[in-house]
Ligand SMILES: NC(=O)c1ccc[n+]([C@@H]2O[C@H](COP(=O)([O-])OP(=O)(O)OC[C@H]3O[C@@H](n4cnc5c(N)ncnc54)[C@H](O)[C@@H]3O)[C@@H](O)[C@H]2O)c1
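The data below hold one chain only, encoded as structure tokens and taken in the form predicted on its own.
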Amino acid sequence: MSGTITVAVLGCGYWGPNIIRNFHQLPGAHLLSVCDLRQDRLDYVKEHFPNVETTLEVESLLARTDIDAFVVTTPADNHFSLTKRVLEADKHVLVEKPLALTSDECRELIELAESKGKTLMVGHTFLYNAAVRKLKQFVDNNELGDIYYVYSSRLNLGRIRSDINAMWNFAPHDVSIILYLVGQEPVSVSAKGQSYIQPGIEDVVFMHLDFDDGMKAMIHISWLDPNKVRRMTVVGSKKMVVYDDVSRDAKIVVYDKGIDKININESFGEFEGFGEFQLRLRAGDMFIPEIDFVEPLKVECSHFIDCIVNGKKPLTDGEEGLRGVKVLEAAQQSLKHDGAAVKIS
């Protein structure tokens, strides 16, 4: 496929305006129409993007032959049904996280996209973040050594949802980043949470991911915290890194700190027991790498168009979406069983 890709957006809620703005400005894309079930949201589109069509009718939009691709940015419980309808209409689709709410639904969408020969991409926006890419370089280049554990905090006061809990709202970001960094899936997940505001909808969740090589990951999610926190710490055998998405000037800080095992047999001869090695605290330099930061959503939207035009496999394709949903699905089961570990097949 070549030329300009004509795009329509389904949903103009909290995140929709950002999607609309980027596709409206993106070279190689033509934002033709926006669909929402609320007239006030369509009025917003007309006010800010007067040359973009608006409609309340999903079916009529899906039937149009002058639209190449759709972006689904509706509440999560609609992602599967709408994405399936888009693919059945022979259109490419970018769907916001999560791809669906069950792994079986994800697999169905992946198979449908393959059978139709269409691009299926998931909005794991943080994998298009230059700071996360820089952190991935450190891991892949073995500058951090063996990864011992990762812990992440994604906290805020609001925005409280009623369709999904805080984990399904926030944790897809952290899960996608962690799996991207370490290049493997966890073997089991456990999670505990509490519903303070709405019965049955957890406002705070603590997740624990266990990996086959002994690595651990911990994720703290809350929309009832007094401060906005978007921080991830990666602890390796050589170095440690803190990724702070809220920081303007120090999104990545690398610490040359750790605990070194010093073999003292070379100096004192051979013997067995506790004295075979010493533990030495290492507190070296810290540095802030230069990052050429571009709005991640802009990079994501551009990547979507590029994949359609050139037949590329998206970085965040359906399989990537499935991996994240498998973790969240297992964590949801664990929540229902008071934190019992749930294995991931």
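Numbering starts at 1 and follows the sequence shown. Remember, it's a predicted structure, so these values are computed and weren't measured experimentally.
Form predicted together with the ligand: not shown, discussed below.
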query: The ligand in the predicted complex: contacted by all of G11, G16 and T125, heavy atom 4.5 Å; finding: yes
query: The ligand contact in the predicted complex: R41, any heavy atom under 4.5 Å; finding: yes
query: Touches the ligand in the predicted complex: R248 (any heavy atom, 4.5 Å); finding: no
query: D68, heavy atom within 4.5 angstroms of the ligand in the predicted complex; finding: no
query: Close approach of V294 to the ligand in the predicted complex, 4.5 Å, heavy atom; finding: no
query: Contacting member of N165, S176, T74, N129, with respect to the ligand in the predicted complex [4.5 Å, heavy atom]; finding: T74
query: Contacting member of V204, I201, L82, M215, with respect to the ligand in the predicted complex [4.5 Å, heavy atom]; finding: L82
query: Stretch in contact, per heavy atom within 4.5 angstroms of the ligand in the predicted complex, of 32 to 40, 45 to 53, 281 to 289, 312 to 320; finding: 32 to 40
